[in-house]
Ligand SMILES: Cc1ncc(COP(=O)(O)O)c(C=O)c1O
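The data below hold one chain only, encoded as structure tokens and taken in the form predicted alone.
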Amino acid sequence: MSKEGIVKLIRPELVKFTGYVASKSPEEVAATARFPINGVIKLDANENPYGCSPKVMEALSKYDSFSVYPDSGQRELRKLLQGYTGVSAEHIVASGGSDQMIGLITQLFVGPGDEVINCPPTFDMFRFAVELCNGRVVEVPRDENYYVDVAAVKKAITKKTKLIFLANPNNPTGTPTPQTDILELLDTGVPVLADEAYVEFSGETVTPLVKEYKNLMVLRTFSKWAGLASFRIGYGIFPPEIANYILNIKMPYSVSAASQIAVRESLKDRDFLMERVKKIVAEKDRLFEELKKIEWLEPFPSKANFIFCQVLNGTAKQIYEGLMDRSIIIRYAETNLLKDFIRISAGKPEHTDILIKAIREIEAERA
């Protein structure tokens, strides 16, 4: 069969499908920058700069059953998460990263022509998952302060609406969604997914409401607070009947044995990890104050572990490229809503110092 013949067999709606733009790896940056890989400062993916608990690596080094498939039913894992979340195991399903869970939830509810309400600018995996299911994304932009426009969301609901996606706090803006707003949307009866990837940093959750509302789903991850991004471990908290459907449609061994060990050891070392979370929050606050001192940048308050910042003079692309030349990676997207904005993850204090010095150098170069 010719190449053209193969392409003709691809689903038509995926021929021009736009994938998710992932963060750059240190190796990729080092290959084009003027510094070695150990000099790269990665502030683009909201990762934990302190890494995972030392107990994780110790436990993995002693594990001797990697040749055996992990428990597909996630029995031990779900009990561990029950103790952490305060919600019974029947509500919980884990996945290979929260991205995978977003995909599973979307597959469960959305078919061709179904509508999903999204509130941009927000996490692009929402759009990705809906379009992959041949659904229609209904965009309801956030207000000027990047809060959800609840009235506009309610107005956008139709008979075809299957889901409302809410990142709380929002990515990339760091904006929270007040619980009163979430309750108002739940009262519409439409399934609501609250993505709480940064809940350990914000301290605000709607998880207890899952017991009361049959249309509420909450998403969480170990990538950020526990430093387990490369293990790919996320989980959802659902009404029990929805949890059972998710268990039925997920891949059999979607969470590796290594990831399950990492979760167990992280939860054992929770106090240690939460002390690191406090350090990251404190550094995020300091980063915000330092960015405020730069006249041509406007940072926004954040409930997450990053700062969303508008470039008032010049372009965001210039800042991004100038920092890349110095082996500092931040997040930048060339979309209409985000072309004048950058997002900077909170790192260690020394990372902030180097970043601010680099921004001042770029400022001097432009003068």
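Residues carry their position along the shown sequence, with the first being 1. Given the structure is predicted, the values throughout are model-derived calculations rather than measurements.
Missing here is the form predicted together with the ligand; even so, the following discussion is about that form.
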Residues F109, N134 and K162 are flagged as a possible site; in the predicted bound form, is every one of them within 4.5 Å of the ligand by some non-hydrogen atom?
no
Heavy atom to heavy atom, is F123 within 4.5 Å of the ligand in the predicted bound form?
yes
Would you please decide whether K224 lies within 4.5 angstroms of the ligand in the predicted bound form, comparing each non-hydrogen atom pair?
yes
Would V153 sit within 4.5 Å of the ligand in the predicted bound form, counting heavy atoms only?
no
Is Y198 near the ligand? Define near as a heavy atom within 4.5 Å, in the predicted bound form.
yes
Out of the stretches listed (75-83, 182-190, 164-172, 293-301), which one is close to the ligand in the predicted bound form, meaning heavy atoms within 4.5 Å?
164-172
Would you kindly say which of R232, R264, R127, R276 lies with a heavy atom within 4.5 Å of the ligand in the predicted bound form?
R232
Which one, E283, D269, D114, D99, lies within 4.5 Å of the ligand in the predicted bound form by heavy atoms?
D99
Stretch 258-290 - residues with a heavy atom within 4.5 Å of the ligand in the predicted bound form:
none
